[in-house]
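In the block that follows, a single chain appears as structure tokens, in the form predicted alone.
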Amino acid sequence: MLTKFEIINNDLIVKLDGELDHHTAKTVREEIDREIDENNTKNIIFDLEGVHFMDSSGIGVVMGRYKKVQRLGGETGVINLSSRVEKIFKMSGLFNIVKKFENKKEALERL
């Protein structure tokens, strides 16, 4: 799993590339938490364009980061979902807590 970070204002954009599953979830979770803590980010935007597989551990990564930024008064969004990952978000109910945006610009404007 390749993880890239970009910070714009107080928003953290997390670009993931690879499989977000039980093999990668712990490392991804730790990397994201470190970025949130070090940069005092408020909102988090997951760019999942490179993610084509996600299991329950991946769902846990997203939910945990949602809870973390929510405690800080922030929100969570996602962009660039493949049809497979979008289906997982729908089935798991993640769209009840995480907002979906068409692109990074829209997410930055609306979060």
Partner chain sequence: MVGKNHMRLEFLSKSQNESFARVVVASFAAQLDPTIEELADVKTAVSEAVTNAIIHGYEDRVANIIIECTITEDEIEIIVEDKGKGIDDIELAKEPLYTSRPELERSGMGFTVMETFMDKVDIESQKDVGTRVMMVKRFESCQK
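Note that the structure is predicted; figures quoted are calculated from it, not measured. Numbering follows the first chain given and starts at 1.
A second form of this protein, the form predicted in complex with its partner chain, is not displayed here; the remarks below concern that form.
* According to a 4.5 angstroms non-hydrogen atom cut-off, is Asp55 in contact with its partner chain in the predicted complex? -> Residue-level check for Asp55: yes, a contact with its partner chain.
message: Residue-level contact is defined here as any heavy atom of the residue lying within 4.5 Å of its partner chain in the predicted complex; does Leu72 satisfy this criterion?
response: The answer is no: Leu72 has no heavy atom within 4.5 Å of its partner chain.
Its partner chain contact at Arg34 in the predicted complex, heavy atom, 4.5 Å: Heavy-atom contact with its partner chain at 4.5 Å: absent for Arg34.
Problem - Residue contact check: Lys42 to its partner chain in the predicted complex, 4.5 Å heavy atom - result: Contact check for Lys42: no, nothing within 4.5 Å of its partner chain in the predicted complex.
- Spell it out for me: taking its partner chain in the predicted complex, does every residue among Lys15, Gly50 and Leu111 have a heavy atom no farther than 4.5 Å from it? Looking in the predicted complex, the three residues Lys15, Gly50 and Leu111 all stay beyond 4.5 Å of its partner chain (heavy atoms).
request  = Taking only heavy atoms into account, state which residues of 76-111 are within 4.5 Å of its partner chain in the predicted complex, ordered by sequence.
outcome  = Contacts from 76-111: Arg84, Lys87, Ile88, Met91, Ser92.
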